[in-house]
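Quick setup: one chain, the form predicted on its own, written in structure tokens, and binding and motion questions come after.
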């Protein structure tokens, strides 16, 4: 039995939440029955039910009368819609996490055929690659590769401003004086390359959600060709269809 000044049911709730976070109980999995859990913790079923109520209010589990308690499928993930062109860092904040944008590198490059087609520029023309990550509670959850056409940044020194903004959208609006309007993209499930394994702290069998596409202004002019790799164990999308 737990020895603590905190109410016993809160300590049990804390331990159950830790088990969920650590993967002992996976998303969608049914928890052991109330008698089993009460026996594990050496408490009454009434105390156990209070602990489960705490978890239910926090959105960690859902309780189905007469069946049992289940770990919520989205628990411990950033949940975002795909209908709005929101900065990624804002989607993390709205899910209740401490959000951080971290630029890994900025470099000049010659745009290859794929990038040239997306950005409607000449193959071999000057462009700029910005690599960055987004963190949720200090843990990397998204890797971003962004390719900007050279015309968008007339003075390369302006790229330093990207280190001081918390999103590419802010950089484009404030520094480049352009307004992102829509992002036309494809969504795929992929396995990580060694580089993304290292950056995101995952193993080679961890699936990623790849969103790849082109960002346009309101006049249909391409502003950016980007790839965003999301950790599927930490990020979940919902899509509204009407």
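Think of the rigid core as the biggest set of C-alphas that the two forms share within 1.5 Å after superposition. Residue numbers count along the first chain shown, from 1. Note that the structure is a prediction, hence the values are computed from the model and not measured.
The same protein also exists as the form predicted in complex with the DNA; that form is not shown, yet it is the one meant from here on.
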Counting any non-hydrogen atom inside 4.5 Å, which residue from 200, 43, 55, 176 sits next to the DNA in the predicted bound form? 43
Considering 194, 35, 59, 28, which brings a non-hydrogen atom within 4.5 Å of the DNA in the predicted bound form? 35
Taking 110, 114 and 127 as the candidate spot, are all three within 4.5 angstroms of the DNA in the predicted bound form by heavy atoms? no
Taking heavy atoms and a 4.5 Å cut-off, does residue 67 contact the DNA in the predicted bound form? yes
How about residue 47 - does it come within 4.5 Å of the DNA in the predicted bound form, if we only consider non-hydrogen atoms? yes
Going by a heavy atom distance of 4.5 Å, is residue 225 a contact of the DNA in the predicted bound form? no
Examine residue 230 and determine whether its closest non-hydrogen atom to the DNA in the predicted bound form is within 4.5 angstroms. no
C-alpha of residue 30: shift of 2 angstroms or more between this form and the one not shown, rigid core aligned? yes
2 Å or more on the CA of residue 67 between this form and the one not shown, with the rigid core superposed, yes or no? yes
Core superposition between this form and the one not shown, C-alpha change of residue 186 at least 2 Å: no
Distance direction in the predicted bound form for the C-alpha atoms of residue 54 and residue 91, relative to the displayed form (3 angstroms or more): closer
